[in-house]
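Only one chain is given next, in structure tokens, and it is the form predicted on its own.
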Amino acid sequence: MEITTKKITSLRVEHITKRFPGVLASDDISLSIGEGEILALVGENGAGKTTLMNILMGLYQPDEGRIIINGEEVRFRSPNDAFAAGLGMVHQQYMLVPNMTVLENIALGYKQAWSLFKLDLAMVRERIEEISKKYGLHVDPDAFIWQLSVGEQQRVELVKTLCLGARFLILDEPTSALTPQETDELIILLKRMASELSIIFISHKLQEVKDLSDTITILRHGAVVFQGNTTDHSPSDIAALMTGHEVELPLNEEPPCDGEIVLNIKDLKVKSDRGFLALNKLNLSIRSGEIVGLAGVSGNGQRELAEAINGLRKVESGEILFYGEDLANRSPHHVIEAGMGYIPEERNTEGIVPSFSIKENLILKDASHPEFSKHTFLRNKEIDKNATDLRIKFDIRSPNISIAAGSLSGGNIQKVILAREISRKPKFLIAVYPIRGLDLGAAEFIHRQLLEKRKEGIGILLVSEELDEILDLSDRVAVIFKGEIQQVLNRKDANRRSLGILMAGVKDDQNI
């Protein structure tokens, strides 16, 4: 693939229709974007946003309709055709090989560095450094993908796309794993990049849609329901157009919690995948009926903490006291049976078994329980009823409960995980980015569920980089930096500025 230098001055899709078994994913969609323009594409989970972009990138073929670039109709039979035309996409579900380095992943598609007998990795490294410096996107070329946090992997995807010469950029939920500061920086970066290329920006974060985009297209059930200038509409207007009703995120307005301490973490030391201490003498306690928000920049030990509590990562030293029992280095099965609920960071590899059906994923932790099995035989009627009820309650959008969970959109996969974990009636819940990739309507529902669990006396550790989410829901906010708790603030003392400063590693109270 040659890196194109030709600008894309206009792109149009006309009357695009795409059907899957039981689903009309794209219903006669038309939209256009001009040179240097940023178009926001928004809609609820399952509205057809990612399907449309996959058609634009040659991953799917439309049943009807056409794509026109610079006035000429094009047909992309594969992503290579789209790359050659100057289109690049950063997917919501990352297209990276986990057991290869950043350098090797980018080299896979960088055909200029390939010759008959060898691969010029030095050329690829030089290109990465050039792009990183130009756009302020730092990545470690020698790090393995599996060692990186979700946010770091996202930066690798963006660098990879730019390295391959994209002149038209499609971003699918690009800020879902970024801190507010990183998000602000990305918005500034993308606005600057718009002088060189056009951008389609898919997001559920409507304030970012307002801050970044020039125009907006709203999809509902696979069809366009609105197109116009972003400046003419408030975030609440956009949310109402997306969902068909007014949306208002709930707030935790209950008095401070005085329940017993149910999770008490003492001097916890845990190593990262790279061998250094990701958690260094971390201390944190959470009461029953209390939501503690864990705020921090991605990669500061949040993942290691959640995995250590759930028996998925070795504890070097320290205690994880859960209702008085030390769970350090106990098996995941033991932790589950003790009453721990867990919404993991990486939903596709840790939250579900993609090849299993929705109904099977909904009983993953309880398949051996009497409710769903008898004498080692599964009780299919009960399993089907459980899945049907949860599918309705959590608005999981799928043709039926028997399709593979991995075929769902990212947001609907998240709903499957949430439905399973919340419906199990856990004694405690660890929720890592619970609304990542969810539309505003789904986020409203999930937040109400978490607050309802709080009222039932369940303690919740809420890990999020969304400061609005943490401030809306938390009783107390713990800020993590380089594996240590910087400070724990009561809700009344926490704000975006104070948390942002602590997340950057500043402990001096006078600066807060």
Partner chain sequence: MTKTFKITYKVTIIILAILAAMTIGAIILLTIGADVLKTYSVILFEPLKTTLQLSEVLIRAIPLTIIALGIAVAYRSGIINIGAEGQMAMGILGTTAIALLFPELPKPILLPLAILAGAICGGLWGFIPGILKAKLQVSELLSTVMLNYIAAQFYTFFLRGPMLDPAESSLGGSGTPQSMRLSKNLWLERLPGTRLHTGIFFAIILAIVIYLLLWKTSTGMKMRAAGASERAARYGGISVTTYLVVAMVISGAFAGMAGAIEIAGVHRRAIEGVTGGYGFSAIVVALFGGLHPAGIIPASFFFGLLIVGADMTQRMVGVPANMVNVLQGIIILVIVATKMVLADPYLMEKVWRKYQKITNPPKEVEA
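Since the model is a prediction, treat every value here as computed from it, not as a measurement. Numbering follows the first chain given and starts at 1.
We do not show the form predicted in complex with the partner chain, though everything after this point is about it.
Taken together, P235, K271 and K482 are entirely out of contact with the partner chain in the predicted bound form: none brings a heavy atom within 4.5 Å. Within 4.5 Å of any heavy atom of the partner chain in the predicted bound form lies no heavy atom of S149. The shortest heavy atom separation between P332 and the partner chain in the predicted bound form is within 4.5 Å.
Although the partner is absent here, S373 lies within 4.5 Å of the partner chain in the predicted bound form, judged by heavy atoms. Although the partner is absent here, I422 is not a contact residue: none of its heavy atoms lies within 4.5 angstroms of the partner chain in the predicted bound form. Contact with the partner chain in the predicted bound form, judged by any heavy atom within 4.5 Å, is made by just one of N400, T231, T349, Q207: T349. Put simply, of N283, S355, T388, S317 only one has a heavy atom within 4.5 Å of the partner chain in the predicted bound form, and it is S355. Segments offered: 133-141, 67-75, 307-315, 388-396. Contacting the partner chain in the predicted bound form at heavy atom distances within 4.5 Å is 307-315.
Scanning 360-393 for heavy atoms within 4.5 Å of the partner chain in the predicted bound form gives E360, I363, L364, K365, A367, S368, S373, T376, F377, L378, N380 in sequence order.
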